[in-house]
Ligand SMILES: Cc1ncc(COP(=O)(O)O)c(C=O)c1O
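To begin, one chain is listed below as structure tokens, in the form predicted on its own.
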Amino acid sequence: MAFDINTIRSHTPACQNKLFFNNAGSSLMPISVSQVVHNYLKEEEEYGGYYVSDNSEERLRGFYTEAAKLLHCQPHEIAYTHDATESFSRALSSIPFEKGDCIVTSLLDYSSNQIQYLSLQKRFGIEIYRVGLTETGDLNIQEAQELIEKYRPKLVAITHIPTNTGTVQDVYAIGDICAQFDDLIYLVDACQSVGMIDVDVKRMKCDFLSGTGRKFLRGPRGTGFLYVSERILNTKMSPLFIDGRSAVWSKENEYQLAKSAKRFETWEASYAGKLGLKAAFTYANEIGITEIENYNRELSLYFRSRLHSIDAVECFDRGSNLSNIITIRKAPVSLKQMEKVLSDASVFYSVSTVEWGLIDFNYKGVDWVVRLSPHYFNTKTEVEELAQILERV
């Protein structure tokens, strides 16, 4: 499918009657995605879940093929999960932490990830080291190298694009550093990047990569995925809690782990969601992630340029490589006033508050920002409409 904005918008009729700029929260599904989910649920309504899944094995297997195509890996390296946090935590729980181990992460890592690191610290006595930023707001790669060489962490965990700011962190440069150490595990949170830009797990050299369906991938809510590298699969690593999907109970006191990334799955799952997520991967693959990324870059550059032209509007995103997550405030407009204006104009947006980016927000001296996140079905005309709304606030 060639990249044609009119065709893409026709596949998403819900975008026609609103200014939808909340793709970093939960995007609009194309008709081809939502219809797959509806049809499968209709089958379950008629025949029951077990019967339908037993007769849908080939369709369901295609999920792994389509996900692997987009992420540049092999189907057996993909696991289906409920959401990005589950993907991340199942990877995290497979790592045998001991007292004295350490994690190297970033100041901008997702809040839920930071909470999990702190939980591990309380339970196992591990240390946490956070890589700082350069003066331009980029992840400090030199500092990362120094921390990794000095502390030899068991895990390096980096969020590709933080939820609270548009910075794109250089996870590829971090991957090159991590590849120098055989005993180090590298986990990337790609919750906000998959579907927006090209994400190549092999070039990234990561051991795990977690993601979700509902954001820029434009899949159903309550779906996620986890990439597990061949290197990890060749070990005995598995989540702390596994079940009959992850392993086979082979003897009274023994079990055999699944050889593929399915060892990170659970028996019960939403099969309607799985097919919907497959359809979302297929849709992105058919358009072409390079074409999507190029359009997104052009759109976000135009959006930021237009925002910078509006008096009293401040953009809070820093870094040499910025994404389609755009965070703003307009002085002296209060959050309540901003929400009313945007809602009255049928603008769909998110608000990020300090607890979602504690370190970042404290540094910037703000306790909230409006988060606007355009995607490839949005147009410059819509950006202009939103800019005019902000001018009138």
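Residues carry their position along the shown sequence, with the first being 1. On a predicted model such as this, the values are computed, not experimentally measured, just so you know.
What comes next is about the form predicted together with the ligand, which is not displayed.
Counting only heavy atoms and a 4.5 Å cutoff, which of 171 to 179, 185 to 193, 96 to 104, 144 to 152 contacts the ligand in the predicted complex? That would be stretch 185 to 193.
Judged by heavy atoms and a 4.5 Å cut-off, are Arg306, Pro374 and Asn378 together in contact with the ligand in the predicted complex? Not a single residue of the candidate spot has a heavy atom within 4.5 Å of the ligand in the predicted complex.
Wondering, does Tyr80 line up within 4.5 Å of the ligand in the predicted complex on heavy atoms? Heavy-atom contact with the ligand at 4.5 Å: absent for Tyr80.
With a cut-off of 4.5 Å between heavy atoms, is Thr266 one of the residues that contacts the ligand in the predicted complex? Output for Thr266 is no: heavy atoms all beyond 4.5 Å of the ligand.
Contact between Ala280 and the ligand in the predicted complex at 4.5 Å, heavy atoms? No, Ala280 sits far enough from the ligand in the predicted complex that none of its heavy atoms falls within 4.5 Å.
According to a 4.5 angstroms non-hydrogen atom cut-off, is Phe316 in contact with the ligand in the predicted complex? Answer no; every heavy atom of Phe316 is more than 4.5 Å from the ligand in the predicted complex.
Ok, Ser246, Gln74, Thr85, Ser260: which has a heavy atom sitting within 4.5 Å of the ligand in the predicted complex? Of the candidates Ser246, Gln74, Thr85, Ser260, Thr85 is the one lying within 4.5 Å of the ligand in the predicted complex.
Check each of Ala157, Ala91, Ile161, Cys206 and return the one that places a heavy atom within 4.5 angstroms of the ligand in the predicted complex. Partner contact (heavy atom, 4.5 Å) among the options: Ile161.
What are the residues of 195 to 223, in order along the chain, with a heavy atom within 4.5 Å of the ligand in the predicted complex? Thr212, Arg214, Lys215 sit within 4.5 Å of the partner.
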